[in-house]
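Quick heads-up: it's one chain on its own, the form predicted on its own, in structure tokens.
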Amino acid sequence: MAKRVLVTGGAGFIGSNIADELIRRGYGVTVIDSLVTGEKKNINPKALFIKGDVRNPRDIAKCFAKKIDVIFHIAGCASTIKSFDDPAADLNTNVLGTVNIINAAIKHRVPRLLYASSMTAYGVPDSIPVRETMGTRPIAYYGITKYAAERYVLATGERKDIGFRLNTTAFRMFNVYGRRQSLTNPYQGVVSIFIGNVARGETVTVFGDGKQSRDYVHISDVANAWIGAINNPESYGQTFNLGSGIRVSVNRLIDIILKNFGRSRKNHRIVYKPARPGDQRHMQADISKARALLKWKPGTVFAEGLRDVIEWAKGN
């Protein structure tokens, strides 16, 4: 069994929650995070923390003072909209940062590397729900970089010239939500953006008509998939969708959030603006592959998971 896991981006929303679950299950954890968007308070006190940037190989090298058995590569720029503002920054972090992690894995002969890919790799799908075998035609710069990095990871796992077997897995994550998702960052996580708006009494701004739909998956279910795949040979060299398999419209999401705050459209302002570039109209994951090979299925009902996040948000 693997003993120590390096979690890149381990001070962020997804990374810190997964690190906590790893520690709860008895793994040793090393976290590297630049703290640009991650927060130090999110880091489990039992984790070894390295402040550093995946764009800098010297920072990454510090993570290997202790032997690393598995790498969870989660760090990256995570905004579709901001990727259009600064494509070079997106490219450097998401692609070059991933290449740096791959190089470190090869140098230190780490046998396992799992990568955080994205549903944005699909672009505008021909049909939904989307399967892993469908075409990948990302329309957002963010999706392009996530898919490019995914291919770097999986192609490296196929190499025979590195002297050992590097087993790789990529998770195309859909709309992950849960505790610790930023309530103030306007570029990450529509669930937390809207919750933050309503909690502060701010206008809720919708880009598009609100009929667009997304597949929301709870962070606890995501953590279970990642950790469950570590020692599962069925996942080696594979790409998996991680979603709930259920679509919820943006309008429906807003109504549920308002209701949980004792409000409604009658007493809370909702504004609709034109859709933004790179937005996908509808997304829904086909999760049959993860069910079959990982024996994984989401266990959190969306309404219950949302209530939990709202209760957490009220205290923050």
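Since we're looking at a predicted model, the values are computed, not measured. For every residue, the number given is its place in the sequence shown, counted from 1.
The form predicted in complex with a small molecule exists for this protein as well; it is not shown, and the discussion that follows is about that form.
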query	finding
Residues 12, 52 and 173 all lining the small molecule in the predicted bound form, heavy atom within 4.5 Å	yes
Exercise: residue 136 in contact with the small molecule in the predicted bound form, heavy atom 4.5 Å	no
Residue 113 within 4.5 Å of the small molecule in the predicted bound form, heavy atoms	no
Residue 142: touches the small molecule in the predicted bound form, heavy atom cutoff 4.5 angstroms	yes
4.5 Å heavy atom contact, residue 76 and the small molecule in the predicted bound form	yes
Residue stretch of 232 to 240, 151 to 159, 67 to 75, 122 to 130 approaching the small molecule in the predicted bound form, non-hydrogen atom distance within 4.5 Å	67 to 75
280, 37, 44, 284 - the one with a heavy atom within 4.5 Å of the small molecule in the predicted bound form	37
In the predicted bound form, the residue from 167, 224, 181, 197 that sits within 4.5 Å of the small molecule by heavy atoms	181
